[in-house]
Every structure is written in C-alpha cells, then in structure tokens.
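Shown next as structure tokens: one chain only, the form predicted alone.
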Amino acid sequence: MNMIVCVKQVPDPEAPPASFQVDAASGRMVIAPSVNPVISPFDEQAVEAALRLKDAHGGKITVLSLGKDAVPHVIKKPLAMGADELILLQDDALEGGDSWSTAFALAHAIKKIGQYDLIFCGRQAADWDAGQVGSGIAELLGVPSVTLARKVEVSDGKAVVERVVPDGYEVVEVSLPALITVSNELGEPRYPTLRGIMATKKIEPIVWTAADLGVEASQCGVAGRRTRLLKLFKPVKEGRCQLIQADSPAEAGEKLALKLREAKLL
C-alpha cells in the first residue's frame, strides 16, 4: 500500500497568545522568536493514521510538505515516527499561497509521485484553521474524499472510515484511491523512537521546485491566490464587573435578580 501524508510546519499553537502580534499595515502575523516551529498537530495524527495502516498491511509512506523555511529536525519528525520518504516543495514561487494555490501545488506534486492508494491530511492546519486544502487536493486529483476521520481500516480495495459528526460518528466506505482528512479523535500520535531519530540523520529530503512540478509560477503561491485578506486583527475582549452592596444575603440575591432581569438575562 502506497500512502502520502501532507504535513505543514506551523508556529507552536501551545505558545502563549501574547507571543503573537498583528502588523495591521502589512496584514501579517508577527511571531515572537521564542515560539518554536512544530508539525501541525492534526497532521501528526494524519501520519499516525498512515502508520497504523502500515503496521497492519505494510507499504510505503511518503511525507509531502510545502514551505522553504522548514527546520530539518521538525520537518523530519514523521520520518522518525516511521514514515519512509520526505518530499519538500521549496520555491519562492510557491510561498504565500492561499488554500487554493497550496492545494494546487500539492496536487501536482502528488501527480508527480505517481502511484498511491491513500492520501492523508490533517483536518485543518493549526495556524489558519481553514480546513480546505485536503478537500481541494481531492477535487483537483478527481478522487473521493472523507473528512474528519477518527478511524480508518482498509480491505478489498476500499477504506472504511469512522467519520466524526456533532453527535457521534458515522461509518463511510470509499473506494481507493481516496483522500482522508484526520481529526484528533483518532488518538495521540506515537512518539519518535531513538532509532528513528538517529535514522533520520541519514535520510535527505527530496526537494522539488515549481519547475519540477511542471506548473506556471502564476498558478502558485501569492500569484495563484483566489482569495484576498481584507483585515487581520486580534479580537478585543472586554468585560465589566459590578459589585452589589447589600445588608444581607437575601437582599443581595434580590438585587442581583433585578439586575439580571434588567439585562434580560432572566
């Protein structure tokens, strides 16, 4: 079984909110140097989903990532977990894209890889939370997709997926090849082993540019965007506190009830 997992390097989502500031003039996020890059957590769970199938059926896992600022020990983590190959799309022409142009580049990279049975993505990236790239890749490749998977099993050329819904889960069967986005309900991803970490030092990623993908620069990155960011801002949360003065708990309760009624909360 040949599997491809798309992963993204993002600023650590567990960093304190104060570590992130907005440059209103440029519409960009300014991230404190103390914030370390990590693999987007949902993408780690996508890697775990592929590894579970590899444990059960064997096969090969190719990790695919887009971004020229990838930190080697971060982007190699899926290899340390047990993936077999890492392909990096690194080109100025591919930078700054939206969900569409990112999906476009990744889809062409997957076409270049060739044979595959399953493509895994995280349900959404931990930086922008759009949740659109996975479905976009499936659309561009013309393969069926299932989102929000919490469990994936494969047999007889089909995948049986438990898909998360608001009040539980539903079971979906899909023919291969297919794309599946993985949710956190899958469970914790495995830790890289010491042997895996040491082995990654000998594995060099394959690097492709836009030219290697056979696409025009105008179709990728900033030039290929189909959305325009109008405003980027941090929401302002304000609160007011009013202390109720009373001579007894009963009087305080009565005054509180009146205040809540005035605010139309009762």
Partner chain sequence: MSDYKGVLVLAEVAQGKLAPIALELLGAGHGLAQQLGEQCSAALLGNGVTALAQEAIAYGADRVYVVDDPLLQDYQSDLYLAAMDKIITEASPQIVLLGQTSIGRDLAPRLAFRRQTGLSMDCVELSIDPETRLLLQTRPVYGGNARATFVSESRPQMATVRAKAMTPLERDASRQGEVVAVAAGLSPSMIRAKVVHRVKEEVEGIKLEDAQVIVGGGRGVGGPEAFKQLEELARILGGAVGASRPPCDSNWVPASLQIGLTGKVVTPELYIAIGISGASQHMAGCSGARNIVAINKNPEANIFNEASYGVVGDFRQVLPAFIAKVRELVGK
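In this text, the rigid core denotes the largest set of C-alpha atoms whose superposition between the two forms falls within 1.5 Å. Numbering follows the first chain given and starts at 1. Not measured: the values here are computed from a predicted model.
The same protein also exists as the form predicted in complex with its partner chain; that form is not shown, yet it is the one meant from here on.
Position in contact with its partner chain when the complex is considered in the predicted complex, options 87, 154, 113, 126, heavy atoms within 4.5 Å: Going through each option in turn, the one that passes is 126.
Going by heavy atom distances of 4.5 angstroms or less, which of 106, 93, 146, 83 would be at the interface with its partner chain in the predicted complex? So the residue touching its partner chain in the predicted complex, by this definition, is 146.
Does any heavy atom of residue 25 come within 4.5 Å of a heavy atom of its partner chain in the predicted complex? No.
Even though its partner chain is not shown here, does residue 235 get within 4.5 Å of it in the predicted complex, heavy atoms only? Residue 235 belongs to the contact set for its partner chain.
With the partner left out of view, is residue 227 within 4.5 angstroms of its partner chain in the predicted complex by any non-hydrogen atom? Yes, contact at 4.5 Å.
Give a yes or no for residue 41: in the predicted complex, does one of its heavy atoms lie within 4.5 Å of a heavy atom belonging to its partner chain? Looking in the predicted complex, residue contacts with its partner chain include residue 41, since a heavy atom lies within 4.5 Å.
Listed by sequence position, which residues of 240-259 have a non-hydrogen atom within 4.5 angstroms of its partner chain in the predicted complex? 240, 241, 242, 243, 244, 249, 250, 252, 253, 254, 256, 257, 258, 259, in sequence order.
Does residue 253 count as moved between this form and the one not shown, where moved means a C-alpha shift of 2 angstroms or more after fitting the rigid core? Indeed, residue 253 is displaced by 2 Å or more.
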